[in-house]
Every structure is written in C-alpha cells, then in structure tokens.
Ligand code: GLA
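Form predicted alone, single chain, as structure tokens, below.
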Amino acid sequence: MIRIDEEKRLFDLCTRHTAYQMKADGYGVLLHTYYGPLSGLDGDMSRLIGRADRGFSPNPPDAGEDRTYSLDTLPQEYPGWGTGDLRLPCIQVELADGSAVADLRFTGFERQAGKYALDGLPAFHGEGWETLVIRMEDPVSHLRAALYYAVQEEYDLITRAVRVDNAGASPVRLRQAASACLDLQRADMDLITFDGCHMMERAPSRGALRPGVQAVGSVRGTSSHQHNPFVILCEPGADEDGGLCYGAMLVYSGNFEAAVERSQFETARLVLGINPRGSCFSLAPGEGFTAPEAALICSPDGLGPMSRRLHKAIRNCLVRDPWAGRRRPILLNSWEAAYFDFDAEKLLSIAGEAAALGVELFVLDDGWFGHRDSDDSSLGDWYAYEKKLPGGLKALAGKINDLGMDFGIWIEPEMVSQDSGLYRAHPDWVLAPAGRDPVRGRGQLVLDFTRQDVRDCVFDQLAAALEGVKLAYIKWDMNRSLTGAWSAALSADRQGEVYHRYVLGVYELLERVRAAWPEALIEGCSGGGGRFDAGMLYYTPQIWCSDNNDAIDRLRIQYGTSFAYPVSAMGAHVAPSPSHGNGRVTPIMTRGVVALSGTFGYELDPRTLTDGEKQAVRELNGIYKARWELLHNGDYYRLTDPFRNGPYTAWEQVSPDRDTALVSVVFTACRANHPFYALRLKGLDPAARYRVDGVETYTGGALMAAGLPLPMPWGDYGALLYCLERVNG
C-alpha cells in the first residue's frame, strides 16, 4: 500500500509487516526517513533526523547561512556526487564543461496501479503491486532521474529502479547510476555477504560494520562465483528466528557492486547497482539510461522469515516457468557419465539404463557439436558432430524419445573457440581490443553479444541444429570471465558501455530462445554458480548451483544459497562417488538427500551402479515424485549451520498449511561413543499432532521445543529423511 501526503511531500510504502518512508524537504532533497517494522511508523518520521553544525560537512547554497543543513549528514534516497555529500554516491556524471556535479532535486511524483516494467531488463512482475515514481532534476544540467518504487505487500518486498535522462542541451557522460540506496540512521549493524570461488560458492561471511567502506562486487562480466549480488544488513544479535534484517538484491547478471559505508557520525549507507569500474554511458541530449532493478526486503523477525518471504516472491513474482504447477522431470545429465568420450551408441546405452530406473529426461552435455573432443575447439560451430552423432540431434533425440524419455541439450552460445569456423570467418566478432592478441579463458574467447548480427548468427545456428528435435530442456552455460571488453562495433566514447550492453544482449537472446522453445525448461549455468542471480532467474527458472557435486560440500553451498534463493531454483544432482571434484566417498542415499533439496536429477553413469545403488535410485525417485510440491514450494527452515562443523547438518521443508513436513539430516562427523542428539524442528502447528514416518506421533510443540531424537551415526556421511504428517482427530 502506498500512502501520500501531498502537502508534506511525504511518501509511505507499507507492506504486511514493514514500512518505508521518504520525504522531499523544503529544498527538494529527497530524504530517507524510515524503514522498519510497520508498528514503528508514526506520522512524519523526519523528526528523527538531527541537525547540527558539523565541521568539514559542507552546506549547500540553498541553506544560506544555516550551517546545520548539510547533505553530508542527511539520509537520502538518491545522493549525487559533487553536492557536498562526501559519502558513497548513487550517481556520478561528467558534464560537457568537465564538471562533475549531479544535484538532483524533487520535481513531482506519479502513482500507478500495478508494477512498472523495464525495457530489455528482468524485473519482478505479477499481481498485487503498486508503483510510485518520484521525479528528480538537476536545475543546472537538466539531468533528470525517475526513481521507481514498487510495493508487493504480501511478501514485504519493495523494488527499485532508476531511469536517467539527459534533458539538457549538452552531452553527459554517466559514470555511475546505482539502482538503490538505503540510508540508515544507525551503524551498529552486521553485514552478511555470500562469497567463494568456483566450486565453493556463496559461503556466508558476517562481520560488524567498521568505519569506512566495505564492498563486494564483480568486474568479471557476470555476477560471479566470488561474490553474489545479494547482501544483508542486520542487527548484531539477529539470527534465524529474531532480529531486524534488511536484504538487498540486484536483479542483474553482470558487473555489480554492493558497498556499505559506516560514516563518521555512526550512520550506514548501502549503495547497490552496476559496478562503476569500467562503466561509462554517453548520453546525448534526449538520450537516457535505465539502471537494473533492485529488490529490498525488511524482516523484523529474523533471517529465516526474510528468506521464506523472498523465496515466495521469487517463485511467484520473478520466475517464468513453463513447468509452473507441474513436477519437473527427473533428469540425467551426460557430463560426469561420459565427458567428451561418447558416441550415439554409448549415449543410448546410458539413457536406456537410466530409463529403466525411472529417469524421465536425458540431457546431452558438452561435446555434441563441431569436431569437439576436448574444450579446445568448436565453440561457435553449432551443428552436430556427425562422427559421434550420425543423423544429427534429430536422430539421437528420436531414439531417446523411443525409450520413453524427453531430450535436452547443453549449449554455450556466448563463447567461441579460435579453432572454429565461426572465428576464422569473423575474428572481429570477439571482445578484444584492436591490435592486441585476445586473452583466453578455458581456451575460449567471448563473442561480442553487444552486436545484433552476432546474436542472430548464433540463434540461426542453434535453430538449424535443433530443427525437428522435440526439445524439453536447455542448459545454457558460460565458462569464462570477460576480459579486454572492447567491441569493434562501438565508437571509442562508447566502449564503457560494453559490459552492460553485453548483458542486455544475453537477455535478448535468452528471450528469443524462450520464444522459440516455449515448452523447454531452461537451466542457467556459468561454471556452475558463477551467474546465480535474480536476473538470470527471470529467464531460466533454475540455475546449476555449483560444478561441485560432492554432497558434503553441497551442504554449505546450498545453505548459503538458501538465504536468498528458493530450493526450486537450485540445480542439484546425484553424482558419482568418489566425487569428481574432491575424491570424497559418500553413500548414494546421502547424495540423494542433498540433491532432493534442489531441482533433483543425476549426473553419473547408471550402468556402473550396484544393484543396491539402483534400488536407492528407485527409492529417491519415488520420494521426489511423492514430495516434489513440498520440496519445491514448502517453507524452508535452516535448522543448523554447516559452517560450524557440528556433527550433522539439518534442514526442513514445511507445507504452507503446516500439514506435512520433510526433515533432512546428513551426518558430517563420525566418532566413537557419539553423544545422543535431539533435533528441534520449526514451522509446525504447536497444537497439532504429527506422525513421524508413519509410526510415532508427537505434538508440533514438543517437536519444536524438545526435539526429535536422532539415532547414533555409524560410518561416514550417513543421511536421514523424516516425513511428518498431521494426524486428524
């Protein structure tokens, strides 16, 4: 709900549990006055903003001799560089005369029913939204900014976006246009970021704000394995079940920065948006730039409720899923089963064994195109490798379909190998500065997706290769960072636009692929979790969580991922043991329990399984089929923290009506004379009785307060699944 007091120029954005307030003051500065529990909002909260004569905090000319008014001390919605505010800015410009002032002042507002949309950019959508547009302008340069706010009351979600337009008579170089700022009148906060590396992504890192700037981000061309475009500010004592928390997410898949500054006067400012390093947009008179969307969520009652509301918002208001309301198929991916060493006969042998075990979708991974027998060639030559696949993909897919299975394919459309027909014909189609040898990553180069002709060529090749194929699934991969991001198609003054235009090109081609194969489930991937962000989820309903398939490492990866992203978005497979990532040996049921808290599938050669392992596969498939709705759409509870190296890791999924729950436990430490443990559950109806695994019944209150007794572990890395059903009567 949006409430507006036009006389006071006061704006309240209210959700079910929270409120966000801002006010345009007498000078037209848009102040941030409150964000917190709905119960804390009471009239004009600008009364909480103190003013004093602060040495070395400049005063704008509007204030005359009033030394107590300084933009350096005021909480603002969209602060600019060069105005006397010496903290982190949201917008930086270079004007035609060389000056760098962006002094945006309030000029008006609009209220709109429904949710705004962003041309060419992903954004939350759906029913139940209201939009507020705040208009700002620099009275000298006539640079204008439209600040978009949308409110989703049910999920406590507020989204923000910015459109900057040059309404002046001279060109402007836009060096920064952040998507959101959150100015808090307190600094006693913790910052949580989600960090790591390839094969060990999104580990939570938490620490108190210290004086100065703390920042995470990416200049790799993607959101990256190293840092995620989702961060949390929270009270020092906030945990899963209590404490004030703010989550901030960028709906974008390229370079980003999330920076927090703890100021000299014990305030905190969070700025989230495109990373300004390597970014500069030239705006001629009449031209504009749209910054990507940011999503803010406030939870007065802890990290757990914040995650669950965000999960629902992503599932219901961001993801566009052709399988919505239906169980996604159980798949087998060929990568760790065969790598590049396959032909049609081998693939059909693997698929036949998988079909006999109940697998429903066969996905052909890398190695099917050009003359690709290793990762040194053929990217960009999107036609079937006839030596391996006589008759092409159509022939193979038809035989897979005859086994009763759907067919899916792996592609890496953004990349090209130097050993390829495409590169030999168009060496200027890669991102690389003229006159320099290009930098390779994984032996490959990056295609210039800022160019329409490049995207058209790739799409036309894929369409030809897949003609006549009944396609149920596409895995879209991207296996290197962007370096030397220079486009032969752009002028020198436009090279700072390459990173962003590249992302827009990826989005455009993804939209075309979705339209061409509307029934296909698309999974995003970038070496696993290198582009696991809300922007990609708008186009790909699931994302490969990590190239690391080891179940024990996955406990940490999926735990960190769960703070922002739902289980239904996490690509997870049962892989071989020993793990191909670290050599660890784990039971197949343990690998299955971990993969069930994801999209669920297999990435192994089923012909190598023992009879006992094959029976376990059948049991896991049965659990997934019976419980998929609970697994993908239930409320997710983190019961333990795997980074604390306890004896076990546990999590729980509870149906929205609290009638059913599934509790997963993986033992991570084994020792003699093990203590006895009782696992305290969450999210149940305390007054109801629940039958556990069809045997004993307990009240929800007892299971949450006293706990569920766990057996003593035996052997390495055992796992348990407990199914709880409400008992009627």
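Since the model is a prediction, treat every value here as computed from it, not as a measurement. Position 1 is the first residue in the sequence shown; the rest follow in order.
From this point on, the text means the form predicted in complex with the named molecule, which you will not see here.
* If contact means any heavy atom within 4.5 Å, which of 154-162, 284-292, 620-628, 522-530 contacts the named molecule in the predicted bound form? -> Among the listed stretches, the partner-contacting one is 522-530.
* Asked: Quick one: of 246, 124, 335, 637, which gets a non-hydrogen atom within 4.5 angstroms of the named molecule in the predicted bound form?
  -> Contact check passes for 335.
* Asked: Considering the named molecule in the predicted bound form, which of 497, 365, 183, 137 comes within 4.5 Å of it through any heavy atom?
  -> Going through each option in turn, the one that passes is 365.
* To do: May I ask you to state whether residue 502 is within 4.5 Å of the named molecule in the predicted bound form, using heavy atom distances?
  => Result no; residue 502 lies far from the named molecule in the predicted bound form.
* Asked: Applying a 4.5 Å heavy atom distance criterion, does residue 442 contact the named molecule in the predicted bound form?
  -> Yes, residue 442 lies within 4.5 Å of the named molecule in the predicted bound form.
* Asked: Does the 4.5 Å heavy atom contact test between residue 565 and the named molecule in the predicted bound form come out positive?
  -> No.
* To do: Flag residue 479 as yes or no: does it have a non-hydrogen atom within 4.5 angstroms of any non-hydrogen atom of the named molecule in the predicted bound form?
  => Residue 479: contacts the named molecule in the predicted bound form.
* Can you name the residues of 528-567 that have a non-hydrogen atom within 4.5 angstroms of the named molecule in the predicted bound form? -> Stretch hits, in order: 528, 544, 547.
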